[in-house]
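The data below hold one chain only, encoded as C-alpha cells and taken in the form predicted on its own.
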Amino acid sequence: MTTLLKAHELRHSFGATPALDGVSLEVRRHEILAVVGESGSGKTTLLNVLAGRMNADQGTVHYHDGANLRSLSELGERELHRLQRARWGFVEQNPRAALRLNITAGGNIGERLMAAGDRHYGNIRAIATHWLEQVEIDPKRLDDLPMNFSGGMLQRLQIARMLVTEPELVFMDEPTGGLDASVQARVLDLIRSLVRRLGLAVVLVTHDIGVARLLADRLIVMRQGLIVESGLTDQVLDDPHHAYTQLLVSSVLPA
C-alpha cells in the first residue's frame, strides 16, 4: 500500500521531560493505525505533531500529496490549513472542543464545507442533511443547536463535520473517551463502518486495547516517548514481546 504519511526521528520535550524520543513510523493508505499507551506515554503529542497541530523539536513529517512525499515544514500556513480542512480530518476526544454549540448542527457541518470553498447554500444544506443521516442523527435535527445533544450525538456530529469534505486521512484522539459503554459501542461500530466504506486512513490514539483490537490493522505501543513494540494488531496483542506490552495486555484481558 502507498505510504500516505511518514515520520522520521521525531523528538519533542516539555521542559526536561521527553514526550517523543526518536519516533519513526509510516501510515499507509486505507489502513487504521492505533497508538496505545498509558497517560504520559507521548501518544497525544505524537498525534498532534503528525496532524501539523504542533511542531516537533526535531525530526520530519512527510505526507503524500498525490505525486510525491512532501515535508509539512515546507508548507506555508495557508497551505497547511487547506490540507487540514479538506484532505485531513481530526476527531477530538471532547466534541465540545471541535463544535460550535451556539450554531445549528447543519451550520457546524456547513462551516467545514465553506472553509473548503463551497458557497452554495442549498448544496451545503443538502450535504449536511446527508451526513447527519450517515452518522445516524435524525435529519430533522439539522436546525437544532448541539448544546441540546447528548454526548454520543455530539461525537457523531463531530464525525459528520469531519467527514463532509471526504478526507483521505483522519486523526482520532480517544474518540470514545468519556462515553458510557453502550454509547461507546455504538460510536465504535459507526466509526468502523464509515472508515471501511469510505476507504479512509486513520491514526487512532487510545488507551483502550479493546478499541484498538476492534478497529486497527496495525498497532504501535508507546512508553515514555518511545515506540516499544509495533506490528499487526492481532499479532501484537496475542503474542506481545515487550514486557510493557505484556503488562498492558494482561491488565485488560482475562487470564
Partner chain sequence: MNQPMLHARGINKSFLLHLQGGVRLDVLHEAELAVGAGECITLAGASGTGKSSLLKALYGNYLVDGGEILIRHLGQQVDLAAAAPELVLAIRRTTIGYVSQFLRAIPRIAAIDLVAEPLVDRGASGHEAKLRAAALLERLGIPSRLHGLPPATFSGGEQQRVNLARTFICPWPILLLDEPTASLDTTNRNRVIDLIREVKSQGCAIVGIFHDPQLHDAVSDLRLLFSESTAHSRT
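Source: prediction; values computed, not measured. Residue numbers count along the first chain shown, from 1.
This protein has a second form, the form predicted together with its partner chain, left out of what is shown; the following refers to that one.
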- prompt: Of the residues 227, 47, 194, 214, which one places a heavy atom within 4.5 Å of its partner chain in the predicted complex?
  reply: 214
query: What stretch, of 186-194, 199-207, 33-41, 55-63, brings heavy atoms to within 4.5 Å of its partner chain in the predicted complex?
result: 186-194
message: At 4.5 Å between heavy atoms, is residue 9 in contact with its partner chain in the predicted complex?
response: no
query: Is the gap between residue 17 and its partner chain in the predicted complex 4.5 Å or less for some heavy atom pair?
result: no
message: Can you tell me if residue 246 lies within 4.5 angstroms of its partner chain in the predicted complex, counting non-hydrogen atoms only?
response: yes
- prompt: residue 136 near its partner chain in the predicted complex, any heavy atom under 4.5 Å?
  reply: yes
